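Encoded as structure tokens, the following chain is the form predicted on its own, with no partner shown.
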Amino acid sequence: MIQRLLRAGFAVAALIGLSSVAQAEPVDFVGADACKKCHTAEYEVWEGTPHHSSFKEIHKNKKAKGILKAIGEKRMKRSETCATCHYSYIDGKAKAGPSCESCHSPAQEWLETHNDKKNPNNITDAIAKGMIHSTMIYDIASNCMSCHGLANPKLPGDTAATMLDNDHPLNPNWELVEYSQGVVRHRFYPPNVTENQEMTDAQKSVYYLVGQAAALVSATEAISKTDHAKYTEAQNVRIAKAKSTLEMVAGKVPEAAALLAAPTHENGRAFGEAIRGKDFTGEVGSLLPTSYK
């Protein structure tokens, strides 16, 4: 089953190029309420996250107002720049903060297929239509890195520079396991679908490595946006950390060496598939976070 999902995932990855955040304008979502019908537990987790609460708070922040003014816009919820990461758009309006589709891609094209329980291939068919399934770790990580690395492909370099000059945060040490296994964790998998399951250390080691792969590709693409000192320094930090981590497994995983030689999304996905289900605690166990955001 996983192999079928992966094949479908690679097919849709080739089709869409990168994840849904890299669109030319704010993308309409169907909204988290559509997901809530089947994924109630996950929805309830989301309601307790900063992704959810930020919708009512972030535009009131004094720093946010200063950034908005500096980039020549008046309202965050009507700003295409801010929409790339801070909002979920429904019917052309910001209706929520980052939500289900921010990670799993806008569902207009695939929701009906995903919900067709009479279709034994509903998951793979939905992936083929653009859904980013939870097994597609690299693509989910790429969505995270795109925003948390201030590296969204549609964000112009001069805008990113202005944002940084006005104190927009950029944490070059943002790490996938630390942030994905904290308050946003929603791992309700069989056989116990009512329990928000914690990862094993082996699973964390894979997520850690895939996160560094996504960071490497994201930062390598983003660094040419602008020569702004703070921006390039942050991207170089991300690149250096990712390379040093991936080098730890390059001798055992040829796909890691290929990714280091050519940091592309295709190579990142291939690396993620190559290490799926394996245990790299011997290599990166000491780097795994012991507390979570």
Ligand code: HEC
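So that there is no doubt, residue numbering starts at 1 and follows the sequence shown. Worth saying up front: this structure is predicted, and the values here are computed from it rather than measured.
What follows is about the form predicted together with the named molecule, which we do not show.
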property: The single option of I90, I223, I123, L164 touching the named molecule in the model of the complex, heavy atom within 4.5 Å; result: I123
property: Contacting member of A242, C35, V249, A234, with respect to the named molecule in the model of the complex [4.5 Å, heavy atom]; result: C35
property: Interface membership of H186, the named molecule in the model of the complex, 4.5 Å heavy atom rule; result: yes
property: Any non-hydrogen atom of K204 within 4.5 angstroms of the named molecule in the model of the complex; result: no
property: W110: touches the named molecule in the model of the complex, heavy atom cutoff 4.5 angstroms; result: yes
property: Heavy atom of E42 within 4.5 Å of the named molecule in the model of the complex; result: yes
property: Sequence-ordered list of residues in 79-115 near the named molecule in the model of the complex, where near means a heavy atom within 4.5 Å; result: S79, T81, C82, T84, C85, H86, P98, S99, C100, E101, S102, C103, H104, A107, W110, L111, H114, N115
